[in-house]
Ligand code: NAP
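Here's a solo chain for you in structure tokens, the form predicted alone.
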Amino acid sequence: MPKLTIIGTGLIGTSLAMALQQAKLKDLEIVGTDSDNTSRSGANKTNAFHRVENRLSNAVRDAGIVVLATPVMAMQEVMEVIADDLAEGCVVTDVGSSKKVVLDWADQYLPRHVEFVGGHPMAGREKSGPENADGNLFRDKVYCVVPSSRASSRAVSEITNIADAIGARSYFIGVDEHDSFVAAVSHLPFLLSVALVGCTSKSPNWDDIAQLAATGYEDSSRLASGDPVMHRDICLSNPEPIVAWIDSFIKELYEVRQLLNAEPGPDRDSVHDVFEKAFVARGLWQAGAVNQAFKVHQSQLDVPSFGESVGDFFGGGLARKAIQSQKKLFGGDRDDRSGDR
């Protein structure tokens, strides 16, 4: 029976296992493991996995696909530890929020008889742990696919098939673009949330201010309740793009400050224009008006379902069309190259 192993049984790892179970795939064993006993115990209670292993080597041995769902900064050590136990032809992937460091580690530590395809589902929530897992977490969400330089069409197809099985939408993207764009729409927001909480809670008047904090403050500060380890590792693994977007945000905020600090007072129309432009831009995004190129790309994807490909885990028979779609997105022949543009 083909075996898929998920290393890390927290929110994302356990949600992924639940989603694959909900897909009702036949003849697929889903195995979980985690270095934390509490997380393993919690994952067991969810029944998301067919079994949860205590030993990492037992979990990955003979697996056709191994998913790294640990904090990003733990992935280097995990790769080193599992390298000797990975079966020939195994496809290793991850669900981390930073890609460059992870692909570098994969190239350095994983043996040449396995293939690595970076992955990142654009889904999550501020509550962590297997007890908060949700099998519908990935439905209709973008699933970034970032193949390593030596990933074959078979390996890429297996990861796009996982995305399809859990109801997500595969999206090929270059590693540098991924890390910059995600820094803008994922990493920067939680840092702004953290900064808001820091700014207000450090005030000597916080006890009184807190009494007035309502839904606006709660909505804006929600991401500060995210897993501190996850947030720490994101910052450590993707600092340059995050700093660039922080600088951009500071510039934007400073321009508003200048408007409000103008003499003899703020200009009514200029201040209104700031909010009008943001109102329109967000409305267009919510309406999907800025996603037309993505929709065109999605219409070009033509890959088999994950259920159809499960039996090929060990046979190497998945020479599918995922890479053909990747060519359409990036141009040229890239059957065995990264999706970098």
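Sequential numbering from 1, following the sequence displayed. The shown structure was predicted, so the numbers you read here are calculated from the model rather than taken from an experiment.
One more form of this protein, predicted together with the ligand, exists but is not displayed; see below.
Q. Does any heavy atom of D85 come within 4.5 Å of a heavy atom of the ligand in the model of the complex?
A. No, D85 stays farther than 4.5 Å from the ligand in the model of the complex.
(Q) Check A168 for me: does it contact the ligand in the model of the complex (non-hydrogen atoms, 4.5 angstroms)? (A) No, A168 is distant from the partner.
(Q) Within 4.5 Å, heavy atoms only: does R125 come near the ligand in the model of the complex? (A) Although the ligand is absent here, R125 would touch it in the model of the complex, with heavy atoms inside 4.5 Å.
Q) Do A69 and the ligand come within 4.5 Å of each other in the model of the complex, heavy atoms counted? A) Yes, contact at 4.5 Å.
Q.
The chain here is shown without the ligand. Which stretch in 192 to 200, 75 to 83, 108 to 116, 151 to 159 comes within 4.5 angstroms of it in the model of the complex, by heavy atom distance?
A. Flagged stretch: 75 to 83.
Q | Contacting member of L103, A163, V95, V91, with respect to the ligand in the model of the complex [4.5 Å, heavy atom] | A | Contact with the ligand in the model of the complex is made by V95 alone.
Q: Determine the residues of 226 to 244 with a heavy atom within 4.5 Å of the ligand in the model of the complex and present them in sequence order; the list may be empty.
A: Contacting residues: D227, M230, I234.
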